Ligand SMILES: Cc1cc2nc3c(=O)[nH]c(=O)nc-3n(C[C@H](O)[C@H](O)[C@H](O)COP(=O)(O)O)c2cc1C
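Below sits a lone chain in C-alpha cells, taken as the form predicted on its own.
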Amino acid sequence: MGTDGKVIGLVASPNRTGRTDQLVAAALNGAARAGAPTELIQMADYVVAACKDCLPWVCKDNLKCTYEDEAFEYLSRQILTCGALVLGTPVYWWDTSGLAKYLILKMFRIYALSAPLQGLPAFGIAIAGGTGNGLVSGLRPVYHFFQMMQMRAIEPLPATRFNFEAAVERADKLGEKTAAMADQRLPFAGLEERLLWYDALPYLSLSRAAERRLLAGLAIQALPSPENTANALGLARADALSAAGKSLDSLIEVTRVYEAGVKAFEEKQ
C-alpha cells in the first residue's frame, strides 16, 4: 500500500473528551503546524475484536483477519497508509487500555512477519490520570508494538494529571517532530540497529522503583516553592539512601514524598 503522508492520531480511550484525547490532539496540532495533514480517530468508535489465534495461521499470508472485523479493517488500513502514527492510551492498573491491546495483538498476528510498517515514524503517549502509577509501564506495550512492527519511534511521553499542562506542550513539540519525519520512512538496517534505537529511548528501561521516583518528582513540581523545596529535600534523602544500598528505605521515602505531593496538589484544586 502507498502512504498518504497523513499523521493519524489514535485515541485509545473510551472518554472522547478526556486527557488522552487532549494530548493526542496537541500532538496533531504540532504536526499540522509542521505542514502535515492530520486525522484524529476515536478508537471507541472502532472497537477491535479479540484475536482468536486461529489455526491454520493463514492471516499472515492473506494479510487479512480470517473473521469479519470491520473495526480492525478500518484501523489497520489507516495505519498502513499513513505517513506517521500517534498512539495515545490511558493507563489502567499500570497498563495500556484494552482498546489499544486488541488492535496491537491483531496487528502482530497479521502483519508482524511481513513488516509493512518498516521505518514508519511513531510517537506514543500514556496518561496515568488518577494516582499517576503506571505512567511508564503503560507506555511499554505501545513501544513494544512499535518495535515489533519495525516502526521508527521517537521518545515517548509519560503524563499524569500532575504535569498535564507541561505534557500538552511537550506533545505539541513531539507531534511536530513526528510530522517532520513523515515525508520519508527510514527503515532500520537490521535487528541490531532497531534494538539499539529502542534501548536509547528515554523512560522505557526504568525500574519500578525509578518509575515511582519519577512520579513523585512530577507530583511535587507544580507545588508552591516552600512545599516544593521541602519535598525536593525528601527526594534527595531518598536518592542518598538508594546510593547507600538501602533500596527499601529509599522507596519508602519516595512514597512519603509522593503522598505529601498528592495531598498538597489536591488541596490546591
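In this text, all values refer to a predicted model and were calculated from it rather than measured experimentally. The first residue of the sequence shown is number 1, and the count goes up from there.
Missing here is the form predicted together with this ligand; even so, the following discussion is about that form.
Using a 4.5 Å cut-off to this ligand in the predicted bound form, not one of 213, 217 and 261 places a heavy atom inside that distance. Partner proximity in the predicted bound form, defined as non-hydrogen atoms within 4.5 angstroms of this ligand, places exactly one of 192-200, 83-91, 171-179, 142-150 at the interface: 83-91. When you look in the predicted bound form, the only residue of 131, 118, 78, 163 with a non-hydrogen atom within 4.5 Å of this ligand is 131. Interface membership of residue 125, defined by any non-hydrogen atom within 4.5 Å of this ligand in the predicted bound form, is ruled out. The closest heavy atom approach of residue 255 to this ligand in the predicted bound form falls outside 4.5 Å.
By the criterion of a heavy atom within 4.5 Å, residue 250 is excluded from the residues contacting this ligand in the predicted bound form.
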